[in-house]
Structure formats: C-alpha cells, structure tokens
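Let's start with one chain on its own, the form predicted on its own, as structure tokens.
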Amino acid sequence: MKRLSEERTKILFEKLAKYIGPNVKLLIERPDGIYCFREQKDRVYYISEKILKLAENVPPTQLICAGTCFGKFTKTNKFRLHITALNYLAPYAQSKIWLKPSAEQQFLYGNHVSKSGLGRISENTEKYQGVLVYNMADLPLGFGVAARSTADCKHADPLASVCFHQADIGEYIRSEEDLL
C-alpha cells in the first residue's frame, strides 16, 4: 500500500470536505490513535497507523487490502466515495437529509429523493453540497448531493428532486463484488 500523491490527496480531501467540512482533521487525529489514507490499485483505504505497520510485514502480492475502503479514483482521476465510508462520515456530517418511511425503499434502490419523500433537511444546506441521508430514526442510509438549497426545498414542487443519489446501504447487496 502506497501513500497518496499530493494531487490525489488534495482531490480526496476536497471530496471529504464536501460532506464533512473542516471535520476532515478529526478523521486523521482520533482519540484512539492516528489514522491515514493509503492507496492500492486506485482504491483509497482508511487505516490506523498501528495496523499499517503490521500490514507492512505482509508481501504486497499477498495483501488484498488493509483498512476500510473509502472509495476509488476513476480513470479520469476523480474520486468516488464508496458506501463503506458511511459509518466514518456520519458522525461528522454538516448537512443531513431525513427521509420519510415511504421514501426509504426508493432511495435504497438507487433513486433520487423527491420533495414528497423529504422528512427534514438541515438548515443552511446549499445547492450541490454533499449531504448524508438518514431515515427518521437517525440511521444513516447513504449519501448524495443536494439538488436544492434549504430555502428552495420549501417552495419546490412535490415531485421535484431535492437530493441526487450517490451511494446507499443497498449497494452492499447490489454491488457486493465491486466494494472490495
């Protein structure tokens, strides 16, 4: 597992800042130790430095992965978050959207969130800002991009999209083999 290049580190942190803002620093410097990001085959892994030192003893050809896969870089060098990062991003999320129970299943099948399925939305959510999607019981379901700001959502048509789907926990079933 190799360190991310300066350019890729910048792209990764910009993407994470879209969802959790300045809390990216809290991902690295945690109370239980220092964590870092490493890359293997265009995939980015979030790993404790203690585990990383242990993983260095395994030959690179035999090591499948170490840590949690946060996402991957595409061929055009853009970063795409995977659903496996959800549990690490959820506590630090700045913008959130809560879904009504009737809209949960549609979101988990990969559809965008319409205003009729919107339960609540965080104040001061801007258009095209990264948001975490929760059900009404505060269980994180996935993440997306706000299609409208908080003020625009209040006056939107009931069938208008308020959140574009990015990833959801249904991907664990739909894309099992691609997550690793």
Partner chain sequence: MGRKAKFNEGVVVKRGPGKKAKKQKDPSFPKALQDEPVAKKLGHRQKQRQQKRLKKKKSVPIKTPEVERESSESESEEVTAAWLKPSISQNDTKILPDSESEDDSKGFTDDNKKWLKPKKQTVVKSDDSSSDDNLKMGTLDDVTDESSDDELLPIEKQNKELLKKQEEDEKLAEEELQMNIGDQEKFQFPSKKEREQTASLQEVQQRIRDVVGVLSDFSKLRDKKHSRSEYLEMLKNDLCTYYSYNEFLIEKLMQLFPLNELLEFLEASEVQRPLTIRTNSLKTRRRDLAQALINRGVNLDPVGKWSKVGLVIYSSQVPIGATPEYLAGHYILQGASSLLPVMALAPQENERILDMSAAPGGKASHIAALMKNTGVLFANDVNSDRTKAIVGNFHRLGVVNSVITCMDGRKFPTIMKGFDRVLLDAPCSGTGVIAKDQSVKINKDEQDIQRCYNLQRELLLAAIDCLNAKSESGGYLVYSTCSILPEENEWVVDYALKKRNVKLVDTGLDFGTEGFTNFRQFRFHPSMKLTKRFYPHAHNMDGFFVAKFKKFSNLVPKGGGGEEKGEKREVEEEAEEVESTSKKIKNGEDVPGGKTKKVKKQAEKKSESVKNQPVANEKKKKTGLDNKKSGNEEKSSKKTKAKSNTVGANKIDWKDVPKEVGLKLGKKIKKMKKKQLGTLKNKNKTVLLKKKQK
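Numbering follows the first chain given and starts at 1. This structure is a prediction, so every number in the text was calculated from the model and none was measured.
Keep in mind the form predicted together with the partner chain is missing from the figure; the text below concerns it.
Residue 106, heavy atom within 4.5 angstroms of the partner chain in the predicted bound form: So residue 106 does not count as contacting the partner chain.
Interface membership of residue 172, the partner chain in the predicted bound form, 4.5 Å heavy atom rule: Yes - in the predicted bound form, heavy atoms of residue 172 and the partner chain come within 4.5 Å of each other.
Proximity of residue 79 to the partner chain in the predicted bound form, heavy atoms at 4.5 Å: Flag for residue 79 set to no.
Any non-hydrogen atom of residue 114 within 4.5 angstroms of the partner chain in the predicted bound form: Contact with the partner chain, no.
Residues within stretch 47 to 61 having a non-hydrogen atom within 4.5 Å of the partner chain in the predicted bound form: The stretch 47 to 61, when checked against the partner chain in the predicted bound form, contributes 51, 53, 54, 55, 57, 58, 59 at the 4.5 Å heavy-atom cut-off.
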